[in-house]
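Given as structure tokens, the chain that follows is alone and in the form predicted on its own.
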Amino acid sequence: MNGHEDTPAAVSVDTFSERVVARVARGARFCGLFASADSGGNRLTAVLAEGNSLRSEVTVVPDTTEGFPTLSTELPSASWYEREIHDLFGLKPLDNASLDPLVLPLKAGSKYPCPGSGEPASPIEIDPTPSRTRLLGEGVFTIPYGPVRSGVFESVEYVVETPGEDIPYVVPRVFYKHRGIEARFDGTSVDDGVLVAERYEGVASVAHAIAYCTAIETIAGVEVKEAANFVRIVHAELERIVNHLESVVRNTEAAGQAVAYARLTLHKERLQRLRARLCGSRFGRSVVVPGGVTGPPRLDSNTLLAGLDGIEKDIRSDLSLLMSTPSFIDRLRATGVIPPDLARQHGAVGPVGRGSGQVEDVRFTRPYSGYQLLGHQLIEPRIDGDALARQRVRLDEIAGAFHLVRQAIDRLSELAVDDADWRVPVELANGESISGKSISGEAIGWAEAPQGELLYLVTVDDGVLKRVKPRSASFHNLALFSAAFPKEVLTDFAFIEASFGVSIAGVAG
């Protein structure tokens, strides 16, 4: 796998934060901060994108140390990562004044078994204390919106603080959805790990499987064959279209566009049924595996292309009508603005980032799984930063995804394929076949999920998963959600939430 350096040597705790901040100051994009249990302490890995490559900074925080110097005073985008680490590992980022629980509000004295530590699961006690309020004064309301709402929504509570109509503060509380899924990877075989990855963020099952498997393939020194890569692309791009349609559907529902809502929901369902015919799963599961895919598509290319042609034609027609409807456009324009400077400072990814002037799409800036073999260009970003800009990005990506699917199908039909091309054996770098039993090492895999850049930090010891840390785009982007509200009113909430298109499962873990 190109684009990622070998794991660097650990630096001292005192210099770790300084080095990360300095690299960001020189133009690197902060991608995430991850913790792993280590002998005598906990290892911190900061991942940064520099050009077309990923770079890491690593330190080990000894058990005898209270914590580590916070990154968030200089890099606000690190705050949620530090809160998650504090929840799951008990590591305190020193001088971080915003350590409200994020994914797991534990009572004092209750300890979570750190992911990757090998500790057995033990009972934990949850702290039910309501979150602190930030807005005080006469006539101020605190509205707990969720975690259970009407309709099909994931469990999340948005604590809305308002003096009436304006919304100065919105605080997402995602821990209702926390499933402890990172710990489910621990001790699992490499092959079974993909089953857990597919269920980390169900709406992006294919992207998670690809990111996980590319990390495994990097560790093993495996090159996936072209045929398998093209099958991966077909499933990944169909997943992208479905997700972007869902965001548009939510916007039409909020705007009361009943006809558009019904028709676009129908088209999404048609796509899901086509995906089921293609592989047996509406979510594209059990296709991507370490070393390739489980087999060829179940539909021949002519049948698949004919199905796609009809669906794309109808989607294009209905989206054209929707985007020429003034009453719909007016609800999105200037709603939920994320200024380009803020998006750049935070390192926003996916449609949220590209709706605010950010260019990067790792399918093309850091290509993987055969994307470099297909002709395509980066989607031109929008600079308005509002819900309308994010929707326009999604519409462009829908058109691009259909184009990529057709290219992948055409390239697949040109290949003379045998059984070995679907899945190559996972081997050590020296070529010794290990049947999944002896592989060891660490690597980062990635994919451009529908929500944006997805990362997987994977550590394998003797064929068994020691630590797997997914970082979804939803986690990275939802930290910006509150920034979209200071000038908005309550009736805009649904549009902002739909335009972000995040998966709470991918945030809560």
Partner chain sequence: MPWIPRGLHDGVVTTRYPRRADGYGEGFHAAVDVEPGAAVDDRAYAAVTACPTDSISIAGSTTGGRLHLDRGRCILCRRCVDICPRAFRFTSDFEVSTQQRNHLIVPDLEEDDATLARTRDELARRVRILRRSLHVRHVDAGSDGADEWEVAALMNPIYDVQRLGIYFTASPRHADLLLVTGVGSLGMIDSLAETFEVMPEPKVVIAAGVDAISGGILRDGYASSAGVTDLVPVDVLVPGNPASPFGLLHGILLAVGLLKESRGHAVRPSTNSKASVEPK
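Everything numeric in this text was worked out from a predicted model, so none of it was measured. Positions refer to the first chain, counted from 1.
Not pictured, yet referred to below: the form predicted in complex with its partner chain.
You can rule out all but one of 341 to 349, 406 to 414, 375 to 383, 122 to 130: in the model of the complex, only 122 to 130 has residues with a heavy atom within 4.5 Å of its partner chain.
By the 4.5 Å heavy atom rule, the three marked residues Val11, Leu75 and Glu161 all fail to count as contacting its partner chain in the model of the complex. The listed set Asp300, Asp330, Glu269, Asp309 contains one residue whose heavy atoms approach its partner chain in the model of the complex to within 4.5 Å, identified as Glu269. Taking Gly180, Gly400, Gly370, Gly221 one by one, only a single residue has any non-hydrogen atom within 4.5 Å of its partner chain in the model of the complex, and it is Gly180. Using a 4.5 Å cutoff between non-hydrogen atoms, Ala227 does not count as a contact of its partner chain in the model of the complex. Using a 4.5 Å cutoff between non-hydrogen atoms, Tyr261 counts as a contact of its partner chain in the model of the complex. Shown alone here, Gly137 lies farther than 4.5 Å from its partner chain in the model of the complex, counting heavy atoms only. Using a 4.5 angstroms threshold between heavy atoms, Lys92 stays clear of its partner chain in the model of the complex.
Applying a 4.5 Å heavy atom cutoff to its partner chain in the model of the complex picks out Thr325 as the lone residue from 325 to 350.
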